[in-house]
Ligand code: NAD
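Here you get one chain, nothing else, as structure tokens; it is the form predicted alone.
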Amino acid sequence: MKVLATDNLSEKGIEVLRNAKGMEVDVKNKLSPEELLACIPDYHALVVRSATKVTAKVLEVAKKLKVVGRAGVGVDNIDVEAATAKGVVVMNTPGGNTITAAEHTISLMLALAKNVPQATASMRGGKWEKSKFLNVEVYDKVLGIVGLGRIGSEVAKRARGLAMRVIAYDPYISADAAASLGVELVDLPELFLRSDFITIHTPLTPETRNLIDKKAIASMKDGVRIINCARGGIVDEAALYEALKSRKVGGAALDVFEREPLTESPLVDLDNFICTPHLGAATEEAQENVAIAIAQQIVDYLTQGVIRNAVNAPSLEPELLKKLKPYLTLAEKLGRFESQLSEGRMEEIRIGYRGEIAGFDCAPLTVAVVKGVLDPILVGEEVNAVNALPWAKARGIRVVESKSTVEEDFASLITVGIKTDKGRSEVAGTLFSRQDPRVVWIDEFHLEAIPEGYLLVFSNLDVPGVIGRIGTLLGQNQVNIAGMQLGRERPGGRAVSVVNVDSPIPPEVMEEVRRLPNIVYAKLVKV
């Protein structure tokens, strides 16, 4: 596997990649867009920071590319939608720079409150302007945090240590989780109204672009101070400039900007504005942490198929992966099995989780089922954990998931049903000894079949001689039977059999099987 690392990735991360078996690593810093387009077709993985732009055009020519790793949090320099369409995993490192980003936020807040940069510049100019730089305390002030994720939570802890009153807006966190941090959850208008200081810790999305605009600022306290160490574009810089000039906003500290690098801006001429050149993650420790983390994530994905911290695919932590890995195998096999049994134009995939397995996050299992269903259909295309669900959606196939922790016949059971324009069918599977996949029913027929290799699946009327004739026919055509399982509704009724065979059954032999007396259907399945 060939890996390309750009943007001056820390040498510690490069070492992780180079020490991995089967990895060939090239380091090419400061690539122009044209140079990246020219070389990317040779690589299976690309590791970037914020400078390299991974555009749709880059992804289009990157025929071998399997994963893009971002050494950091933000992925706005990567076209995630285009990557998803191409089946390319996009990973980031959300925890690697959490502490340094929180520390930088607190540093800017204190520097803003105490006029540290302005006073330093004044003294360097040979002045002693003590009265000019009258400052404010942060003690007992209200800090409003927009986004109480990893970084926002760390900021809250530090602000509580400064005896600030902390409120936060985050629609994706529970009141209990916020209360455990000593934070009061409020809606956004209330946060704007009550805060003395406002700090932003959300990603840049269409919903958060220009979140702090003219209208939002007008609803804030007079003299409010605003800090942004998250992403440029969340604060409307033109609106902020006017508010700083009028002193509606008492001060602002930005580490990120709408356009970077920032070399010219009217903001920098204001005496109540301070700034840093996107230093929120720029510590040696943070750069090493994110480089090592993304390198190990890429190694794990390329060598073991383990996805962690992906922004466009379900991720699994190592401990959970150990528990779910046998179920991932089972889920994909059930999807492949049921896909090849169903007939007609596919409309819906219905997946059920019963018993112990329903207590886990089943999103990766659902993706595995859908991948298994689509694999036999989309011959010649690479279906993976990234593009399986989008491909199903694009083809108008609904994916429905249900859960029940009630145990029935098995401790854990996964059911996969497919609805087509010709009808419905369903299979179910479980693990024996917590690791061996078994198909335990096909429609209403119970059995214990091993889903491995080539399987002859047939339904017949339960009369003497059917199985013997099939065995004779396979033997005459040099097809060896490795095992067999049978399920029936009642003596003399219908039955279903699954026969494991050591080699593919030729199409003409399958036709002979179908023509045998009392055969309802017969299919060759490859799992």
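For clarity, every value in this text was computed on a predicted model and none was experimentally measured. When you see a residue number, it is the position in the sequence shown, counting from 1.
Missing here is the form predicted together with the ligand; even so, the following discussion is about that form.
With the partner omitted here, the residue from Lys86, Lys141, His278, Lys221 that has a non-hydrogen atom within 4.5 angstroms of the ligand in the predicted complex is His278. For the options Glu207, Glu444, Glu408, Asp187, the one in contact with the ligand in the predicted complex, meaning a heavy atom within 4.5 Å, is Glu207.
At a distance of at most 4.5 angstroms from the ligand in the predicted complex, all three residues Ala101, Tyr169 and Ile173 contribute at least one non-hydrogen atom. From the list 278-286, 178-186, 327-335, 213-221, the contact stretch for the ligand in the predicted complex under a 4.5 Å heavy atom rule is 278-286. In the predicted complex, at least one heavy atom of Leu148 sits within 4.5 Å of the ligand. The ligand in the predicted complex is not approached by Ala243, whose heavy atoms all lie more than 4.5 angstroms from it.
Although the partner is absent here, Gln118 sits far enough away that none of its heavy atoms falls within 4.5 Å of the ligand in the predicted complex. Using a 4.5 angstroms threshold between heavy atoms, Gly344 stays clear of the ligand in the predicted complex. Annotation for 216-235: interface residues with the ligand in the predicted complex are Cys229, Ala230, Arg231 [heavy atom within 4.5 Å].
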